[in-house]
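Take a look at this single chain, the form predicted alone, given in structure tokens.
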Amino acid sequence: MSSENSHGSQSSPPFAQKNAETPEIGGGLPVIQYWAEHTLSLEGYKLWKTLFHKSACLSCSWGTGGQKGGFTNEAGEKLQRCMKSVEAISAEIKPAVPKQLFAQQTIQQLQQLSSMQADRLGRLSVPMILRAGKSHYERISWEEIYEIAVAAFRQPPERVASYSSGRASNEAAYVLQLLIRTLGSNNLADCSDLCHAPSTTGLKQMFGTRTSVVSLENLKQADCVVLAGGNPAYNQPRLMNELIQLRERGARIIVINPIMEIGLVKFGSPAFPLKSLLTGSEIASLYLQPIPGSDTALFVGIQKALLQQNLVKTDYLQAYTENWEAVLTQARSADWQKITETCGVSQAEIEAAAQMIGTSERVVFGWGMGITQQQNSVDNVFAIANTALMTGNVGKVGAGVMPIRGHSNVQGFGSMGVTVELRPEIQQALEQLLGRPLSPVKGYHTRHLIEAAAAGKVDTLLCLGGNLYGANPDSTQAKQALGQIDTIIYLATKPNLGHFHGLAKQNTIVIPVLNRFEQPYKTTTESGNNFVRLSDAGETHLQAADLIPEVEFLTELAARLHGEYPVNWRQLQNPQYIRQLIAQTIPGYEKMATIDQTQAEFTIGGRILTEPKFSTPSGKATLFTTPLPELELPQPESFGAGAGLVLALITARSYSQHNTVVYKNGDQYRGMPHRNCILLNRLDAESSGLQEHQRVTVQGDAGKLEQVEVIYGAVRPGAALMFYPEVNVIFKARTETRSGTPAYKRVPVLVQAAQ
């Protein structure tokens, strides 16, 4: 177990036995090397031009940009671009895919590509179609696209659907949902269904809000940050600058992650070249490594320790919350042995975390997909937020709950109504616009969409960005399900595996679109902390290309389907008019009405909580009891084997990866040299007779991967890590029933020596 140093912080996390290839700090000189390689290369001019363009970052929801300038965050701080941003831009400024490639490569050949190889083909520049029975994509005219699309969307409304990612703008998102709902369908699946839907579900019930209640300014005033189930050192590096500055001001940071991510122990930020870049800055004050899927038990343990240490703010609970007595009773009566056996964290460590939280004046609780991609993920969110409320840390400056989103505008899509759980205020406004009620039929979230397609219940699918095939568990099921849909239309900037595996029964159409910094007009996006950014118009580097803005395609399709009901769709090809509709129909977005005149970016009204007043019927927050999870792993026999090592597998991105897009094969910060690796604790491996670099077979309940290389790493015993999307092929979807989100972070697998 870990020990404490003279500053009250751990000398090391509990399971810190990293391999020889793992560096001593995250970030650091490799980031500078990457910047130099790209900015000083032949693409350097285009890269710098885009970096300085006034547009919102393409990468995570903590990105920078907008009207404050390319390197500036919403607080006006400079030098806030990160390597993730450069990776995303570099991929988008590649030349067009050679025109002869799709004529020469059969679909079977394209299916042999990896995610990285598909992305490196270049930018899509002409519209294409793969027709039933054909072996090659071929160019298609815009008129034929609209003919096929109009016929496809004139099917019964329950048989048409969309899927989207956070790649596009608020304006495109708003038009998409209005188009689909005007058809009479609510089938608006979104990538957030696969990641942060449990946050939305849990926070709505507790606080009446679905997003972070913490602004960047408020985060800067915290004395303690609890960071559970996330790895911003890889996925939101901008956030690391805030954590570094908090530690320098004396704040404490509690990291909760089954894997010791080196960047969460020590991180070298290029934003602080003199004091951080080379030597690294201390991040974690306390690093807890629980069993995957046990976070609810860990937080109930923290609650029990808070009670025993007399650190619960009972006066706050009485004044501002409901059902708090039941939650305190549960925590008080919980058995310490049951808690520690379930979560794998010692009572002493749990008590240390409770003491840090309970004696801090202002605590921010942040979490990532390690919390939300579990079978009890909504309970995880409840348990974290219960802890925040028990310590009076919601509804004041410098404190609150903060889901950490992974995509730059995924939260904006939800705000615009791209969701199956539409807010009543938005529904009422849309019904007033349409002059009729919306369909009462509940729409498909992403997993329901796949299941409905597999059952032959979906005729038409429009994908606005994203990779529906690659993002889903059980790749075989996803491929077969999409193959039951008659027409699939993909709007994308670059090829991805979904364009080669997620093929429709009759017509698969790929429409090349402009990215965020190429749009011919201003657009907006929303950050994970509720800040609306305005992106300037731009231009594409692709000459003689046949590209289209997403808004233009969506509005033209809507005009052909709906005429001028309920709006003049073709007028909406000027997004200024979309922004007027957004201001009228989306609560908190009223300032969109004047943003074209003022150029003033803004924080969405009613979301940042600096007083304990909640948007619930009673005006109080509601606490929920959270049962401890049962986390038994199956025996080898259930995999059809007599022996082997059964583990709880965590599926994750590599360091150079954004969602399903892979920029580098390996992961230097985990010491994993390629995609077909499994990160194991040395004790687990050696107890099963396995050695580092040995090749093994990893089997789930849907398939297996062969010749997987064993890499020793700082992961707790009983757990392991592999990269998604490649590993998706081996497991079926175990979903959280209230949110529909799959349990990617606890996949039972059998590991055996390769034959």
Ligand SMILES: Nc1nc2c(c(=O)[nH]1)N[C@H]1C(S)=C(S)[C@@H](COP(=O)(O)OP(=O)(O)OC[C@H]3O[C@@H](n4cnc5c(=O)[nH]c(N)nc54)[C@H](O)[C@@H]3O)O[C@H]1N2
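What you see is a predicted model; the values in this text were computed from it and never measured. Numbering starts at 1 and runs along the sequence shown.
We do not show the form predicted together with the ligand, though everything after this point is about it.
Engineer: Quick one: of Q373, N386, T525, T555, which gets a non-hydrogen atom within 4.5 angstroms of the ligand in the model of the complex?
Structural biologist: Among Q373, N386, T525, T555, a heavy atom within 4.5 Å of the ligand in the model of the complex occurs only for Q373.
Engineer: To verify the annotation, which of these, K664, K494, H501, R560, has a non-hydrogen atom within 4.5 Å of the ligand in the model of the complex?
Structural biologist: It is K494.
Engineer: Want to guess which of 479-487, 148-156, 223-231, 414-422 is within 4.5 Å of the ligand in the model of the complex, heavy atoms only?
Structural biologist: Of the options, only 223-231 has residues within 4.5 Å of the partner.
Engineer: Please check if Y724 has a heavy atom lying within 4.5 Å of any heavy atom of the ligand in the model of the complex.
Structural biologist: The answer is yes: Y724 has a heavy atom within 4.5 Å of the ligand.
Engineer: State yes or no: in the model of the complex, is some non-hydrogen atom of I256 no more than 4.5 angstroms from a non-hydrogen atom of the ligand?
Structural biologist: I256 belongs to the contact set for the ligand.
Engineer: Report whether the minimum heavy atom distance between G293 and the ligand in the model of the complex is within 4.5 Å.
Structural biologist: So G293 counts as contacting the ligand.
Engineer: Wondering, does C60 line up within 4.5 Å of the ligand in the model of the complex on heavy atoms?
Structural biologist: Yes, contact at 4.5 Å.
Engineer: With the ligand taken in the model of the complex, which residues across 635-664 come within 4.5 angstroms through any non-hydrogen atom?
Structural biologist: Going through 635-664 in order - heavy atoms within 4.5 Å of the ligand in the model of the complex - the hits are I650, T651, A652, R653, Q657, H658, N659, T660, V661.
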